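In the block that follows, a single chain appears as structure tokens, in the form predicted on its own.
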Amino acid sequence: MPMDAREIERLIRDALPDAQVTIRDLAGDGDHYAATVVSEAFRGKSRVQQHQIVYQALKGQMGGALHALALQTSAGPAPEPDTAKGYVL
């Protein structure tokens, strides 16, 4: 049985509460999704590590109820330097 986009979003938000999550159904069939996930938890991690965090959040649904997920992840914009103190917060 296909996985609902809201369920995908809920699983990701449960694991990454600060995440901005966008889910799109690519084929209209409930099996092929694209997800964009932005979370501070990704800062300093490689793209592979970021994707692993999301796959872990999906609790083994990839390849089962969730057939395909095109994934884009990021930590968002870099913090602005605090020029008065000379370092990044």
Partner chain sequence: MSAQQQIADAIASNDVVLFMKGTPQFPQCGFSGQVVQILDYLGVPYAGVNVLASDEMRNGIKEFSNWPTIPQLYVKGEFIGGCDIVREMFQAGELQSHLKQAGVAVKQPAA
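Residue numbers count along the first chain shown, from 1. Owing to the predicted nature of the structure, the values given are computational and were not obtained by experimental measurement.
Missing here is the form predicted in complex with the partner chain; even so, the following discussion is about that form.
Put simply, residue 68 is close to the partner chain in the predicted bound form: some heavy atom of it is within 4.5 Å. Residue 48 belongs to the set of residues with a heavy atom inside 4.5 Å of the partner chain in the predicted bound form. The partner chain is not shown here, but in the predicted bound form it comes within 4.5 Å of a heavy atom of residue 62. Interface membership of residue 72, defined by any non-hydrogen atom within 4.5 Å of the partner chain in the predicted bound form, is confirmed.
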